[in-house]
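Below you'll find only one chain, the form predicted on its own, shown as structure tokens.
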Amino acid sequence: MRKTSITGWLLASPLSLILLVFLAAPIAMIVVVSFWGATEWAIYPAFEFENYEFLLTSSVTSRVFLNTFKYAAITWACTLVIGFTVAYYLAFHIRTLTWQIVLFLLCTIPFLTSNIIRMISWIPFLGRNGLANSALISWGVIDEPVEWLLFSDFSVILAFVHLYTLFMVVPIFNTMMRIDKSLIEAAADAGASGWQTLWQVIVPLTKPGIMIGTIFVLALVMGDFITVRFMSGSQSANVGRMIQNDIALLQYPSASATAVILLVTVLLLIGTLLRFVDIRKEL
């Protein structure tokens, strides 16, 4: 037994070392720096709560966090609807495994390119003289270009949905493929309609995949900053954008404190989600 225990520790030590060096140590450093002080000219080691006090009492910080939650919630809802629909179609309406794989890989092709390229590609499409406005004017739907298509919350959320929908499709599709088809046949034999089968059989069995996708999307959206910067034309902000601004101004203690609060917020959200379903079955 002792030899087995030593062997287990030896096998786990490389991964533990990697997690310690590349995950735990950087987070610990960020936490330490978040208590340091800073002036316009220097950063000095200290143990102060001024950074957290300012962040937790500032109305600007509250608005930025609310804006971040708004982006995350709307993006989550859109990606859930799209991701569930795509996964449902692939899992239950495509009969052969070969075509399921082919169509699934087809869905992933746009995501093989850079996020920056896919995001910036929306700018000429949504611009004042872009393809969308030109098409709407030529069809007679509008008389003059629509201003809110670009550099607005709409364009930010559209880019988020485009970038992160795959992170919702993959876990939901993986969960749906594990559902025993005989359960659906049994529900139909019992007289259940299509909607009843969906809500009472498929959705409950797909909860682990939905939760995994939700964790991915919320974590990615709340930590994103470049999308908000480009797609809002720097007219809007989220927490990631606020951290970037502090770093650009060399205000590392303030940026670290904001990062710690964001990390705690995301961990609390993930902890709350994990209480509703046991995703370890999926892992």
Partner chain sequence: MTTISKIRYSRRSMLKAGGAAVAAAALPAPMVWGQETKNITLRQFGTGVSNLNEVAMKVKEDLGFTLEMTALDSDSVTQRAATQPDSFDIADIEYWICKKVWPTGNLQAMDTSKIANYDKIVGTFRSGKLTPESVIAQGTAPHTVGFTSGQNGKDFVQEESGWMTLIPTIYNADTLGIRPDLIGRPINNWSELLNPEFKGKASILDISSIGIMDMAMVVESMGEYKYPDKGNMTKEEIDLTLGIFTEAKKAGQFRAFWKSFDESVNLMASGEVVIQSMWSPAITAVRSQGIPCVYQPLEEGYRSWGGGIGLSASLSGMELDAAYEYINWYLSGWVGGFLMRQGYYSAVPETSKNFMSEDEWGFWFEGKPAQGDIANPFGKVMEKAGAVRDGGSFYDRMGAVACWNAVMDENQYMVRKWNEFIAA
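Residue numbers count along the first chain shown, from 1. Here the structure is a predicted model, which is why all the values come from computation and not from measurement.
Same protein, other form: the form predicted in complex with its partner chain, not shown, and the subject of what follows.
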Taking 4.5 angstroms as the cut-off for heavy atoms, does residue 50 touch its partner chain in the predicted complex? yes
Contact between residue 215 and its partner chain in the predicted complex at 4.5 Å, heavy atoms? no
Using 4.5 Å between non-hydrogen atoms, is residue 70 touching its partner chain in the predicted complex? no
Determine whether any heavy atom of residue 87 comes within 4.5 Å of a heavy atom of its partner chain in the predicted complex, and answer yes or no. no
Candidate stretches 207 to 215, 96 to 104, 187 to 195, 128 to 136 - the one whose heavy atoms come within 4.5 Å of its partner chain in the predicted complex: 128 to 136
Taking heavy atoms and a 4.5 Å limit, what residues of 48 to 63 are near its partner chain in the predicted complex? 50, 54, 60, 63
